[in-house]
Ligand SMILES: Nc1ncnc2c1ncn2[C@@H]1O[C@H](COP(=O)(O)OP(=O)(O)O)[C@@H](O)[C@H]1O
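Just the one chain here, laid out as structure tokens, in the form predicted on its own.
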Amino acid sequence: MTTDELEKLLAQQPIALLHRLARGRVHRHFRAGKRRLIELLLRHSAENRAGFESDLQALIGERKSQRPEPPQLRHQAPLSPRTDHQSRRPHPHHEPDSHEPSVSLAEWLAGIGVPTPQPFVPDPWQDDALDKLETGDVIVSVPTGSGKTYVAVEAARRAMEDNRTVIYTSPLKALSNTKYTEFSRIFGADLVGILTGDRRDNGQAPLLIMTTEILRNLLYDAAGGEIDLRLDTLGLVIMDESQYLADPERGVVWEETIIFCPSQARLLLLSASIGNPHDIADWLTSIRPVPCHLIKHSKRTVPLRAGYLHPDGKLTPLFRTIGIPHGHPGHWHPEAKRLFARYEDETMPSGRRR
């Protein structure tokens, strides 16, 4: 199959099939429109054309087997040619529509805004996490927006009051810079420092913000006999975004940091997306001198809502419901389906629209 033939075949497929084909091949493929996705798939297919074509044909065959021709049409004459308007309309993979009425845009947007100020009262799980740090390491695995930062700030405050050094790590320099600004505002600029590959400010402060790689390198130096004085007083290591343990390329940095972390320091791992926190807690307990406690819950303090924004500025709910449905991902909002079909129409190359 030539490249042109392959491109035409890809253009004939619904975008849902192309996204399935892109899994494991194209990074962040779900962000690409159909035209861009076809370009990325063609570029990737050059590495293993035979395997790529085989997977494509398998998906096409699977789709055909799941969509048998309706009995009433099997013996009818071929349909008459479609009009130009009809030929430009893409045919997304069929999903059974829900009988539930679709939410309106006003209903979907209702309640979004700045909440009324109220006195802060820690949640029981936050107090529990801080208490558990007194006797061991802690993994906090809770949804985004639940209040992990409060646990980190209060734990750092208690450690510094006990004259212990605190290190806060993040996977990104940009996030480290953000936390440096935030913690400087909370504790005062003289008590907070930052160490990244691009920046070194107030390196002897009791609270240091750095990337995980920087801390790993400090621990490497300590293991080689080049003892850093800050490690002698280290009392708490906070590892934000600790789901990076599972990253194929950078996960080893988190593993080595945990393994080499001084025994007198407590570990506080924060994440909203660890898939197996129980296993991580068991592993830490097996390699560290203190037990690791897991603080976990799945109730979202800030509910999620999914919407679709067309490039022309039109906004609509993505699903028929206000929230994100569980178990029925095909219950798309009719307006979202219409806008996405229009987007496919507008981005497909001329002459290749179905």
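Rigid core (definition): largest C-alpha set, two forms, superposition within 1.5 Å. Don't overthink the numbering: it's just position in the shown sequence, from 1. Just so it is clear, the structure is predicted and the values come from calculations on it, not from any experiment.
Below, we turn to the form predicted together with the ligand, even though it does not appear here.
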In the predicted bound form, the one of 122, 262, 197, 251 near the ligand [non-hydrogen atom within 4.5 angstroms]: 122
Students should find that, of 126, 243, 177, 184, the residue having a non-hydrogen atom no more than 4.5 angstroms from the ligand in the predicted bound form is 126
Note: the ligand not shown here; in the predicted bound form, the stretch from 207 to 215, 129 to 137, 144 to 152, 107 to 115 having heavy atoms within 4.5 Å of it is 144 to 152
Rigid-core frame, C-alpha of residue 290, shift of 2 angstroms or more between this form and the one not shown: no
Is residue 178 among the residues whose Cα moves by 2 Å or more between this form and the one not shown after superposition of the rigid core? no
Has the Cα of residue 273 moved 2 Å or more between this form and the one not shown, judged after a core fit? yes
